[in-house]
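Take a look at this single chain, the form predicted alone, given in structure tokens.
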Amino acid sequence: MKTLIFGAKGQLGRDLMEVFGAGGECLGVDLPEVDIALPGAALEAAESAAPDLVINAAAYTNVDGAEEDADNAWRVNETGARLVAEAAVAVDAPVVYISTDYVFDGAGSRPYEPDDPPNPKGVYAESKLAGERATAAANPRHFIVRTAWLYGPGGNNFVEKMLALAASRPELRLVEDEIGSPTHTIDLAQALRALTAGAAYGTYHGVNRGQCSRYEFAQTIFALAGVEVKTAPCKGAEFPTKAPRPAYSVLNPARLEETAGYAFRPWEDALRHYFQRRAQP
């Protein structure tokens, strides 16, 4: 199988290239060579590659930046998503759209199911939901996969930010009332490979098992890294941001697991694996 990946330079994109490349031919494109929101760019890439599967891992992901750069966020996350999905149709290929837990408002108290009604708050969240809908409307053969709290080698992710802060400050105050599903990019990539081996199109959630607060996540990061730093829990309201964050955005991956025959490991085990990969030259 030949796979075309948009957003191949990102932390998820790199692991998608590794996983899908191990099972067949894999071609990756990204900025500045290919701008998915530029009319004709995605189509040209798809026609050149002639893939059996198209994965859209390209996105505008600066949650706070989107509040002041709304046009660009919508341009990439909705218009770009539609153009990639249309390009996949043109070459007779299914499309995968990577979405986010932010499509939910975080007011729930149980893990969100794929069919739960979304209620995005903020430009980033709204544009990603619009991207889901644009993808589904443009290409009936679609896999929309929401994920959360992604981290992978080479990424500017929460793990690396925490380690950098711990190295520069004597004490850290960490949010304890934001609960989610930390997810290792390699696990999501493997789940996507299993899912796309079939034709059960639809919406799924792809996250590592379990849940934790940002405070608990950071504590585990420091423990695994062997970093000693003084920490204290705090409320998210003490760190106001331009864009709202869902307080509870735990996702249930059961539908994807059952459909794909893939079992996500607990987030703690996935984080240990990340540190093993991180230590490799």
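Keep in mind the model is a prediction, meaning the values are calculated, not measured. All residue numbers refer to positions in the sequence shown, first residue = 1.
The same protein also exists as the form predicted together with a small molecule; that form is not shown, yet it is the one meant from here on.
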| item | value |
| --- | --- |
| Residue among S99, T196, N208, N139 with a heavy atom within 4.5 Å of the small molecule in the predicted complex | S99 |
| Contact residue in the predicted complex, chosen from A134, A189, A148, V159 - any heavy atom within 4.5 Å of the small molecule | A148 |
| Proximity of A225 to the small molecule in the predicted complex, heavy atoms at 4.5 Å | no |
| Any non-hydrogen atom of V34 within 4.5 angstroms of the small molecule in the predicted complex | yes |
| Touches the small molecule in the predicted complex: V76 (any heavy atom, 4.5 Å) | yes |
| 4.5 Å heavy atom contact, L12 to the small molecule in the predicted complex | yes |
| Answer range among 216-224, 231-239, 42-50, 55-63 for contact with the small molecule, defined in the predicted complex as heavy atoms within 4.5 Å | 55-63 |
